[in-house]
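One chain is shown next in structure tokens, namely the form predicted alone.
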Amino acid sequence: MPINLNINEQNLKAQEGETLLTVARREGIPLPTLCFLEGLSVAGSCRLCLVEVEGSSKLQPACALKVTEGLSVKTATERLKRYRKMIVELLFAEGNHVCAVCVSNGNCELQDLAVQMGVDHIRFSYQFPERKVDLSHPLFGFDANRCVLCTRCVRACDEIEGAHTWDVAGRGQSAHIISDMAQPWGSATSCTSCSKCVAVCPVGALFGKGVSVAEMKHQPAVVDFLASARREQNWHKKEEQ
């Protein structure tokens, strides 16, 4: 039975079990995301898709918010715009993002979000963390300086490839991505070199060796294709459409 809800004063219908983000995207209502990716489980970690829910003082992530009868939300208030801009600024301040020399310059979701939010300077003090670059893998590289901890690589490796090479170690400001219990990527015996983690990275943290500045183009849609194909046991459906 259809569920009635309201987004930005617009009456809409949804199906039970759908998330607010799914409904919003279907209806053409823009909501920024960074950690969310079709085909992967919901992490809700970037908080960019926060919305205001009528009757609640807490902001809710649209990617994890299940629709309910009578749900009424706002997605683009001034409060939300301020929060989203602040989140993007903090991501730049917490890492070492030098776009001019990044392999994903011009092909970066964080960079796109900054433009979308109108970020032309950072109001917060840069942390300049000491992070390493792992080039031990024969095919790929990992630059932790550009990592935004979206955990797309962790989830893609675990849920799609089934290898679980990647994980998150530490907490808070010390949180960081590791491979095979903090071994160099090239020594990770669980890695199948499938490149799914590289494909889903939204920034320049994971890249193929040999690419130069602005050459790295990720292909995150491959995860949704694989997830759908396995679920439906149809590996040609999207190609035929």
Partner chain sequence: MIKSHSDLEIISLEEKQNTAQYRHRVMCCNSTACLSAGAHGVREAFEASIKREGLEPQVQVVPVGCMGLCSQGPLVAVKSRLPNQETGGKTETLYHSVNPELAETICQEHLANGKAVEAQVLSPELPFFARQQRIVLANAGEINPERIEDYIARGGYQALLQALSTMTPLEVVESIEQSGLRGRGGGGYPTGKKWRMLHEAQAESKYVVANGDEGDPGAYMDRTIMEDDPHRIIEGMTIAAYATGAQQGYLYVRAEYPVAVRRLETAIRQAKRQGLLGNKILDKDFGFSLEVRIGAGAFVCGEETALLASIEGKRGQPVLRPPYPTQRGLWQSPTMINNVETFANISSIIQKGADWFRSIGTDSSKGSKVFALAGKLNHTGLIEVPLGITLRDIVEDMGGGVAKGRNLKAVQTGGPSGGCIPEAYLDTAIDYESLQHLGSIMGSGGFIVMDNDDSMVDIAKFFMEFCRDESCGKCLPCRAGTVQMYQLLDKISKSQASLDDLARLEDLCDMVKHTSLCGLGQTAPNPVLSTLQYFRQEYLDLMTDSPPQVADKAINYEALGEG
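Positions refer to the first chain, counted from 1. Just so it is clear, the structure is predicted and the values come from calculations on it, not from any experiment.
Another form exists, predicted together with its partner chain; not displayed. Remarks below refer to it.
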query	finding
Contact label in the predicted bound form: S190 to its partner chain, heavy atom within 4.5 Å	no
Partner contact for A64 in the predicted bound form: its partner chain, 4.5 angstroms, heavy atom	yes
T68 within 4.5 Å of its partner chain in the predicted bound form, heavy atoms	no
Any non-hydrogen atom of G172 within 4.5 angstroms of its partner chain in the predicted bound form	yes
All of V42, K58 and S125 with a heavy atom within 4.5 Å of its partner chain in the predicted bound form	yes
Candidate from V198, M216, L50, L37 lying within 4.5 Å of its partner chain in the predicted bound form - any heavy atom	L50
Sole residue of L135, A144, A76, V168 within 4.5 Å of its partner chain in the predicted bound form, by heavy atom	V168
Any residue of 86 to 125 that, in the predicted bound form, places a heavy atom within 4.5 Å of its partner chain	M86, I87, L90, L91, A93, E94, H121, I122, R123, F124, S125
